[in-house]
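Only one chain is included here, represented as structure tokens and corresponding to the form predicted on its own.
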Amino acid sequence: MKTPVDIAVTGAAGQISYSLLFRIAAGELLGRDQPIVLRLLEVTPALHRLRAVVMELNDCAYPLLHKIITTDQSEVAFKDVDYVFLVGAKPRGPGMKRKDLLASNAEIFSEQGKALNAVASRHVKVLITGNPANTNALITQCNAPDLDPSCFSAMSMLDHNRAINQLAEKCGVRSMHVKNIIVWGNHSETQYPDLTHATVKGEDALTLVDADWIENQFVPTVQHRGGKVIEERNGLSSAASAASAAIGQMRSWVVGTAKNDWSDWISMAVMSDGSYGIEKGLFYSFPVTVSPSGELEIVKGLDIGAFSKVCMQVTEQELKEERDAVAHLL
């Protein structure tokens, strides 16, 4: 068999991880011929719950699961690690504002960035899912100056999937028939799900839906979907869908987007290089392609209409404000 690779997951006893870990162990991330070592990080008071998760993982007798390491120390969890899911974060509850999340989680990601800088593989891929994901990615990256910024991304695949489903339902097709949706910007209620370049069974999506539906139903439904899930789950945030999106985004990052038969690109929050006028240095969701070797590139040269431009600038402005609020940690 292949040499095992190390995968770290933070917040490993939490809801998202409970949906994530068993799928990773089953081979959905790296394939069913790749053994793995799981390095699971939790805060000290939650280690007893993590022990129960480990018991269940062991009881599944996964043939690919070579070893499980549990710890409350970041440098232990990240030692020589190849892939990292930064899931652990204080979840958003009913009535909680985004600035409250930012203040609660900023120091967590600052510390984890320093630990990654100290001990992780120099080619590590770090996917930040804990909210506010984009700015947490910025904090993590800035505290890991010895790692290339391309080692970091924040998750926008959940929003991308939500957008696909909304368009598929509207057009009465399966999700596999929807291609080339884009989610621009922040993983927040300012994000902009864009249908300008999307197709449905090869047809231009804009010929199948009207502007009123896009502006007054599609965009706000995707933007507010997370809050709606919290409301319907009595205060619990998205878990299974977030885990599925995390696996999907990381897998595309690992094997490349050319292996996708459902889209030419994916939406992924990466450090802006100035494309489309977005300020350099922000972690902003763009359409991206990934080579088979894992090298990521922002899709360039797409036409941006006036409505799209305004929406993209609104979410960019929010990211600037979030960055300025945590400037002391950068």
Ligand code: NAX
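Don't overthink the numbering: it's just position in the shown sequence, from 1. Keep in mind that what you see is a predicted model, and the values were worked out from it rather than measured.
There is also a form predicted in complex with this ligand; it is not shown, and the following applies to it.
Within this chain, Ala46 lines the site of this ligand in the model of the complex, having a heavy atom no more than 4.5 Å away. Among residues of the shown chain, Ile108 is one whose heavy atoms approach this ligand to within 4.5 Å in the model of the complex. Although the partner is absent here, Ala13 lies within 4.5 Å of this ligand in the model of the complex, judged by heavy atoms. At the 4.5 Å threshold, heavy atoms of Thr129 reach this ligand in the model of the complex. Not one of Ile139, Leu282 and Leu319 places a heavy atom within 4.5 Å of this ligand in the model of the complex. Note on the partner interface in the model of the complex: the residue among Val178, Val222, Ala144, Leu158 having a heavy atom within 4.5 angstroms of this ligand is Leu158. Checking Arg251, Lys170, Lys90, Lys114 for any heavy atom within 4.5 Å of this ligand in the model of the complex turns up a single hit: Lys90. Listed stretches are 145-153, 238-246, 213-221, 197-205; the contact stretch with this ligand in the model of the complex is 238-246, by a heavy atom cutoff of 4.5 Å.
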